[in-house]
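To begin, one chain is listed below as structure tokens, in the form predicted alone.
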């Protein structure tokens, strides 16, 4: 049984990672379009990505929008999660449903609604419009992650701190926040990724001044299949891979330093 599970897990991982075996080589291709196997290899498309404003501006826009979306999402979701998890009030079920609604509605429907509503407010083709729309889309997943952490929180730790003379603010900063920090970081990461990767809403409401990287990639692959798309995909995969191994590398380095100091 264990062997079957290992082989099944390996097969699933290989299936998920298979596109990388195609995308990564194409990022070094000399072909003028997305072609596999590549006729030759060079770094020209990497140089094009890092020097062409056509790609750099959407990348900067995506980073700005995703960062602002993360901040706004956490500012809204953190107090809302505490209220919904720890308190009882009239309309709690309806509020919980509204928090999850953007996850149940197709993005294309949300995009049409945002386009009409933000158009009346003059927010279409603006950074603020994209940030507000992405915040609404990021709320459900952020709420799910944070509420799961908060439901498993041992409130006796807070009561112990209060009984020892700590104020409510001191209890939050020195007891609650440190324990919930991993959940908060994961929630913020999901909000950032949700915004950075979102395409459908961005196609509808982001203009040239607020064009995001996914929208630029969509337009490029629809018009000319620019190999720079493979470069961006490879760089994003590299960033995710580094993010996954960074904590393990940090712990390994700390163990080595600690062993040397002894």
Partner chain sequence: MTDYLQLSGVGKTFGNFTALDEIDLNIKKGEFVTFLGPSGSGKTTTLMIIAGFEAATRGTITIEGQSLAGLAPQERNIGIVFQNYALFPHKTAIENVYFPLQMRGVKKAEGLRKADEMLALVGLDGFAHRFPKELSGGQQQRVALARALVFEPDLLLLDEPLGALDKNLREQMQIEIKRIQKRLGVTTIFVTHDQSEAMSMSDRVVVFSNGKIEQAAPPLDIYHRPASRFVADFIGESNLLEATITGPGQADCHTLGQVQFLPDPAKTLGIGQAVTLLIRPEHFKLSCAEKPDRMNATIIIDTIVNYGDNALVIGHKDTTQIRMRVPGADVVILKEGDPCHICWTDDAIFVLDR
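Residue numbers count along the first chain shown, from 1. As the structure is a computational prediction, the values presented were derived from the model and not from experiment.
As for the form predicted together with the partner chain, it is not shown, yet the points below apply to it.
Though the partner is left out of this view, residue 84 does not reach within 4.5 Å of the partner chain in the predicted complex, counting heavy atoms only. Though the partner is left out of this view, residue 159 does reach within 4.5 Å of the partner chain in the predicted complex, counting heavy atoms only. In the predicted complex, residue 112 stays away from the partner chain, with no heavy atom inside 4.5 Å. In the predicted complex, the partner chain sits within 4.5 Å of a heavy atom belonging to residue 174. The candidate stretches are 186-194, 162-170, 68-76, 126-134, and the one lying within 4.5 Å of the partner chain in the predicted complex by heavy atoms is 162-170. For the candidate set 141, 179, 80, 150, a heavy atom within 4.5 Å of the partner chain in the predicted complex is found for exactly one residue, namely 179.
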